[in-house]
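One chain comes next, on its own, written out as structure tokens in the form predicted alone.
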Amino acid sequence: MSDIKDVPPNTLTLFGIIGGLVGIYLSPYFPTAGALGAMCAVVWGADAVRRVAKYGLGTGVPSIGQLALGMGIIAAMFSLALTRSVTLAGPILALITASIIGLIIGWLAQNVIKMKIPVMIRGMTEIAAAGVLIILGYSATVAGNYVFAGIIPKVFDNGVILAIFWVGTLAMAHPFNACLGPDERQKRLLYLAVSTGAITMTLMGIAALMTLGVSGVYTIIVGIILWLISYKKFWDEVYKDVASVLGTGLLPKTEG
């Protein structure tokens, strides 16, 4: 893996948190915004997975993705239920709760299980925080709001939460699994993360057709457009990397 990072971790953290929360808070007025916020969290989470998994987790990449979304569901429902009378506080409390859970799990993994991954504690904290924003963002797109009473019947009772859990996990974990190897680069991974987030957004638009009607159409259209743009960008990066090894079949001596 190249040590050159086009976007610093702190920048992506701010992008994921601010973008995720803004999208969730705008969802009652424009449900598609929830999915856009979730996409910000997907990009942030994918980079956090990258920073943890580069130490050799391998098949553990999908596992930490599922762990993140599992923590996200618990934190989201606990916080939204706790703040029914103060709904504005729900997403922020959910973010804090998920971060605390991730911090504890990261500490246990590092100090009890002895995984010996230097970035494990911060990485698990970020992955859990991204997971809760993914859950809330895509749920808000389907429900049309982020309140407990709205999400339960439109996301949980009809089983849509299962799709959010599995596809949201793939959206965050797949980019590193698809790009890993000695020539893995952050830029290519981030474009793929936008692509997987957009695919998930499109699927949530289909679900929103059942719950919100025409609003789902807007989500589908925006999702398809973002997917086409980001996937084209991803392939451009793939072609650039392929060109450097096409003649010899050998990986470049200088990565990045």
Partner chain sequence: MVSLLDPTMLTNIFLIAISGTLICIAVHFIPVGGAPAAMAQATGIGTGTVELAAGSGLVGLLTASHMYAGEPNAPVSLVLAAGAMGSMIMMASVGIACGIMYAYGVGVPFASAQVKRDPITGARQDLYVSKGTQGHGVPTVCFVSGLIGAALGGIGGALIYYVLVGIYTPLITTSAAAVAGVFTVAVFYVNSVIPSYGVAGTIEGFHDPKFRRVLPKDAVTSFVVSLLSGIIAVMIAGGMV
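These figures come from a predicted structure and were not determined experimentally. Positions refer to the first chain, counted from 1.
There is also a form predicted together with its partner chain; it is not shown, and the following applies to it.
Using a 4.5 Å cutoff between non-hydrogen atoms, L108 counts as a contact of its partner chain in the model of the complex. Although the partner is absent here, I64 lies within 4.5 Å of its partner chain in the model of the complex, judged by heavy atoms. In the model of the complex, its partner chain stays beyond 4.5 Å of every heavy atom belonging to A89. Mapping the unseen interface onto this chain, G70 counts among the residues with a heavy atom inside 4.5 Å of its partner chain in the model of the complex.
When contacts are defined as a non-hydrogen atom within 4.5 Å, all of I101, V112 and M115 contact its partner chain in the model of the complex.
Note on contacts: among I96, V147, V119, I74, the single residue with a heavy atom within 4.5 Å of its partner chain in the model of the complex is I74. Interface residues of 76-90, taken as those with a heavy atom within 4.5 Å of its partner chain in the model of the complex (partner not displayed): M77, F78, A81, L82, R84, in sequence order.
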